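The chain that follows stands alone, in the form predicted alone, written as structure tokens.
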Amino acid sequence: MNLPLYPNEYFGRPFGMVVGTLTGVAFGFVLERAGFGRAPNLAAQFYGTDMRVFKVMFTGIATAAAGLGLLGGFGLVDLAQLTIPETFLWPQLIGGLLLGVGFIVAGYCPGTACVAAASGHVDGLITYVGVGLGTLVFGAFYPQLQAFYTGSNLGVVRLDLLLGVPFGVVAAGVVVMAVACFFGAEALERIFTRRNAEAQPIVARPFRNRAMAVMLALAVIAVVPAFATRSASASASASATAVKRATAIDATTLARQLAQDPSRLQVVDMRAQEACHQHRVPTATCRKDEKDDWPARLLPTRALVLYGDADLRQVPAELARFPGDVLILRGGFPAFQHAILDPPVAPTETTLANLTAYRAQSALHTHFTGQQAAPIVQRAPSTSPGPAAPAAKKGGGC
């Protein structure tokens, strides 16, 4: 698989920053030309008179979903290497509610406020300054909000894995939903503009219909290779005779790899559901029910890391024929808890080796927990008199 390009190291960070900057400029230009730099156009969607924001953003989502489903189905893109943020259920629900309130009060979201400010609109600049001040206030009160901010962590949640279907099916569902919502949004526009005696937004129906037809065609095409690839993978697993042997990985090495590039690993917690949902290795997913065919949805392009309450003596039967690399966490979750999640103990002897090991462990602990490790207390040199040195012998001569 060749895509995505950056995780597969087809170019380095400097070129990636250039591409990201140009993409951002192009995105901002499109938003401005679509009217997203003017607050009345944005606020109109909350009144139902102009749903252009809803339709433009949903077009982007549906197009991306259909494209990823098509490329992933034909094996051109590795969906496992796409960066997907973890789901924090309640913090994100309340954060989305606050964002919506701020959107309707200010008339802008953070992205469109930047576009409006760049276009010379003072209200956009004021909104952008307000976003910055709000960020500073949140940072000041983060210690008090940290427990809630990091709570209800569900890990990385993807609809295709959650529903147990190929990604192409989810992409097709998103496209169908988008098309239906387009017609529903235009119906709302007709109702509310008539009620408010306003002019209806201009809709280029021929262009809209062609765009919808292209998206639906991409979604249909994406479904076929998704099922074909899944059937071929299942047949290959069923006909395999050799069971892949797993190799051990220690907690510190696993933590370093997760910190550097979590997209190359898929960590599975093999413990009971209750224990997994209570506390687990960051980015890990809980083991599904044995009746579920979840192992068939694991991607062989990512190394599979397994752990339990202690050392796993062998790969579980449902995962024994996983075609990719299989790693078993040495010592299980207690080892990771002790080495990474628990606060590190400062060394009693401040040698160079001890200090280096403590600082490395502290950095990993802070990365995964957000908590600072205890500082190293340097002991003052002793001032009490020591034992008297023996008197030097006087030399004698003949």
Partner chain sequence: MPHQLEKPLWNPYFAGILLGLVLIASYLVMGTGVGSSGAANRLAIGAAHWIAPTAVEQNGYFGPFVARGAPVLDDWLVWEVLGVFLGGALSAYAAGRMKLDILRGPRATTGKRIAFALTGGIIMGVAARLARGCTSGQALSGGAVLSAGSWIFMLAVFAGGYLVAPFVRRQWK
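Since we're looking at a predicted model, the values are computed, not measured. Just so we're on the same page, rigid core means the largest C-alpha set that superposes within 1.5 Å between forms. Residue numbers count along the first chain shown, from 1.
Beyond what is shown, the protein has a form predicted together with its partner chain; the following relates to that form.
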**Message:** Within 4.5 Å, heavy atoms only, one stretch in 324-332, 147-155, 309-317, 258-266 touches its partner chain in the model of the complex. Which?
**Reply:** 147-155
**Message:** A246, L254 and L298 - do all three of these have some heavy atom no more than 4.5 Å from its partner chain in the model of the complex?
**Reply:** no
**Prompt:** Which residue among A219, V281, L304, V115 has a heavy atom within 4.5 angstroms of its partner chain in the model of the complex?
**Reply:** V115
**Request:** Let me know the one among A346, A363, A339, A34 whose heavy atoms come within 4.5 Å of its partner chain in the model of the complex, would you?
**Result:** A34
**Message:** When the contact criterion is heavy atoms within 4.5 Å, does F74 count as touching its partner chain in the model of the complex?
**Reply:** no
**Asked** Does any heavy atom of T193 come within 4.5 Å of a heavy atom of its partner chain in the model of the complex?
**Response** no
**Message:** Can you tell me whether G134 touches its partner chain? I mean in the model of the complex, with a 4.5 angstroms heavy atom cut-off.
**Reply:** yes
**Asked** Does A357 reach its partner chain in the model of the complex, with heavy atoms at most 4.5 Å apart?
**Response** no
**Request:** Select from 88-102 the residues with a non-hydrogen atom within 4.5 Å of its partner chain in the model of the complex and write them out in sequence order.
**Result:** F88, L89, P91, Q92, L93, I94, G95, G96, L97, L98, L99, G100, V101, G102
**Prompt:** When the two forms are laid on each other by their rigid core, does Q92 show a Cα shift of 2 Å or more between the shown form and the other one?
**Reply:** no
**Asked** Would you say S119 moves between the shown form and the other one, meaning its CA shifts by 2 Å or more once the core is fitted?
**Response** no
**Message:** Knowing the shift is 3 Å or more, I'd like to know if the C-alpha atoms of T150 and Q273 are closer or farther apart in the model of the complex than in the shown chain.
**Reply:** closer
**Prompt:** Looking in the model of the complex, are the Cα atoms of Q273 and Q146 closer together or farther apart than here, the change being 3 Å or more?
**Reply:** closer
